[in-house]
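Quick heads-up: it's one chain on its own, the form predicted alone, in structure tokens.
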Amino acid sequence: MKVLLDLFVTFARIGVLTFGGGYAMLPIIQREVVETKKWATSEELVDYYAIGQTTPGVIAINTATFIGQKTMGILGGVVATLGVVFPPLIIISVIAMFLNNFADSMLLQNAFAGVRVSVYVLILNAVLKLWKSSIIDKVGIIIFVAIFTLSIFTNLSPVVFVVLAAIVGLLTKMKKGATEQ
């Protein structure tokens, strides 16, 4: 029961303290889940991000579900998901009640502009942390350049990118295994 409460409180804190959506939560999830709680390794977390990106839903919610399930089974997944969703749901409901009254406020518009800038920085921070743990060899760099280029010049689904990268990773590993034998 203590671990379930810890899952809920940890993900509720992540949910309440993060503005800017799922990607902005990634550095906080990294710190809490890998460094503080040790519920997952950096490599596992990158895998959860990849799976969370290709499955329906928000990446942070999917990641919370995966971590909760890994930690305490299905009930842990449900509790972690509720933890990350509950605070923003309350905050959004309160904001929605008052937003129309202040939507034209220059003060509010300037505040949102400041929040947007900080969200971009948080997302960049998450990208850099993921880069350090994901791009570890020449194959990783080649996959990165190929997927980055495809994402700029095509409208392909992220699922296609993940599947292509997985296939290249598998083929590379199989080729290395065949070479070593």
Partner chain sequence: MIYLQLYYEFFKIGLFSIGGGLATLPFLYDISDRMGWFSYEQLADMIAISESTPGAIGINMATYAGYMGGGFLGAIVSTIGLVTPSIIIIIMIAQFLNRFKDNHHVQAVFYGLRPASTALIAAAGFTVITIDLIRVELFRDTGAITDLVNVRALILAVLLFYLSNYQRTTKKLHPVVFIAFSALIGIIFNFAG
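Numbering follows the first chain given and starts at 1. Fair warning: this is a prediction, and the values are worked out from it, not measured in the lab. Here the rigid core means the biggest group of C-alpha atoms that line up within 1.5 Å when the two forms are laid on top of each other.
The same protein also exists as the form predicted in complex with the partner chain; that form is not shown, yet it is the one meant from here on.
Taking the partner from elsewhere, V34 is found to have every heavy atom lying beyond 4.5 Å of the partner chain in the predicted bound form.
Among residues of the shown chain, M72 is not one whose heavy atoms approach the partner chain to within 4.5 Å in the predicted bound form. Taking the partner from elsewhere, Y49 is found to have a heavy atom lying within 4.5 Å of the partner chain in the predicted bound form. Heavy atoms of W39 never reach within 4.5 Å of the partner chain in the predicted bound form, leaving it off the interface. Although the partner chain is not shown here, in the predicted bound form the stretch 144 to 159 places heavy atoms of F144, I147, F148, S151, I152, P158, V159 within 4.5 Å of it, in sequence order. Taking 2 Å as the criterion, G57 counts as shifted between the shown form and the other one: its C-alpha moves by at least this amount when the rigid core is aligned.
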